[in-house]
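There is one chain below, alone, in structure tokens, taken in the form predicted on its own.
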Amino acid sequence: MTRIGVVGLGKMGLSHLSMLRAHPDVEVVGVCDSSGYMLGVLGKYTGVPTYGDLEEMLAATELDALVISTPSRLHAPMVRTALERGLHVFCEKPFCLDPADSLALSELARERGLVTQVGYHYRFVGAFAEVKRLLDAGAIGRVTHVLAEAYGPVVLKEQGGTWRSRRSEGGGSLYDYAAHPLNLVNWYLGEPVDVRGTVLNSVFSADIDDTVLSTMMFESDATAQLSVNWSDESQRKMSTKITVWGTQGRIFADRQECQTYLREGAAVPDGYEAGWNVRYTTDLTEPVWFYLRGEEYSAQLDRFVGRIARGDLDDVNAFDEAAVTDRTMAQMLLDARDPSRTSTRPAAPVTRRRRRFWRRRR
């Protein structure tokens, strides 16, 4: 039985708490939040020990792991505290606002032999996972371009009263919304060698970005475009879409399905054929023990708990993988602030393939 504590009881924290309390291999031994009202309600109706301070909870409970679902600016210090106590850590996305913290915490976790995971739940959606499987199999040949999109009706008025409306807290469409499709791009293509044409615009917000547009270049000569708008009231709810073009076909995926077009002569995987193919998320998803908001949320927590039992440090969404997305977002911020820079990654090694890329662009 894995003993887990939860810190941060907002929307995601409460969701994680519900799923963990139903998990057959987990005992929730404490919850922590700054809201006395929330702690009072949970203490009365669940019986779970409650704490108003993280250090107090760590001192009073015997924990194996910690789930951190606080505002983004608190992630780095809380993760460090947990790792230094020898705890496995599941942290909500984005991992850290400063990529230097991401690197340092990834290295600390590996030195201590601790299991880590960041809550990029789209990697557990069947359709997006199928894209990864097809790309790894070379089904559409060499990838040439990716379009990653996310739209939704999140910010539709000028005034905001939560941490998501303040840049200093880690709010903004880039870190709180665009991070999801961007993380999928990193999963499929790796880390970009450069970022260009980044535009962070406000629609309603005064202090944060509501829309994100950016182009990424990769070592493989592939490019990717990110298009995100969380002030799009034409959408009923968040809609994330990925389109991948390759020399032998095209893949499109969203939450519901994965559509694949394979040219004649493509390396056709088992169960596929040349031409159009459709696979639905319902057919690509294994049942979960507890459903809340989507199977992917339960699946990612179950993977975290299973990895702790196995001592599996290297797996999907570990800290070092999430750090790649943190660095990519930092590149976009730098590019948006100073587009005249020679490169958003001046220290990156200039490989022969990268020289060819820039010669072609000149």
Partner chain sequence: MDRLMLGDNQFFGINHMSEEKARAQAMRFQDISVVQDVLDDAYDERVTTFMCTTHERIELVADHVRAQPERYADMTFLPCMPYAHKYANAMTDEGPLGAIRKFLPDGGFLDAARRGGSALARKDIEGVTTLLIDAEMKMFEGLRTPVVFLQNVVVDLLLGLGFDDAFRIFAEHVRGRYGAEPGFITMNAPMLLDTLESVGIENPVVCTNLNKVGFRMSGGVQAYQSLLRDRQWRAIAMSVFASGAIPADEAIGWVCEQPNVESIVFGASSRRNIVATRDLVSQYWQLD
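The structure presented is a predicted model; accordingly, all values stated were derived computationally and were not measured. Positions refer to the first chain, counted from 1.
Quick note: we don't show the form predicted together with the partner chain, though the next part is all about it.
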Answer with one of 266, 114, 288, 97: the residue that has a non-hydrogen atom within 4.5 Å of the partner chain in the model of the complex. 288
Which of 292, 274, 104, 137 has a heavy atom within 4.5 Å of the partner chain in the model of the complex? 292
Among the candidate stretches 328-336, 62-70, 307-315, 37-45, which one is within 4.5 Å of the partner chain in the model of the complex when only heavy atoms are counted? 37-45
Against the partner chain in the model of the complex, would residue 225 count as a contact residue? Criterion: heavy atoms within 4.5 Å. no
Exercise: residue 207 in contact with the partner chain in the model of the complex, heavy atom 4.5 Å: no
Residue-level question: is residue 257 within 4.5 Å of the partner chain in the model of the complex, judged on heavy atoms? yes
Heavy atom of residue 153 within 4.5 Å of the partner chain in the model of the complex: yes
Quick check: do 132, 173 and 303 each get a heavy atom within 4.5 Å of the partner chain in the model of the complex? no
Check each residue of 1-30 against the partner chain in the model of the complex and list those with a heavy atom within 4.5 Å, in sequence order. 9, 10, 11, 14, 15, 17, 18, 21, 22
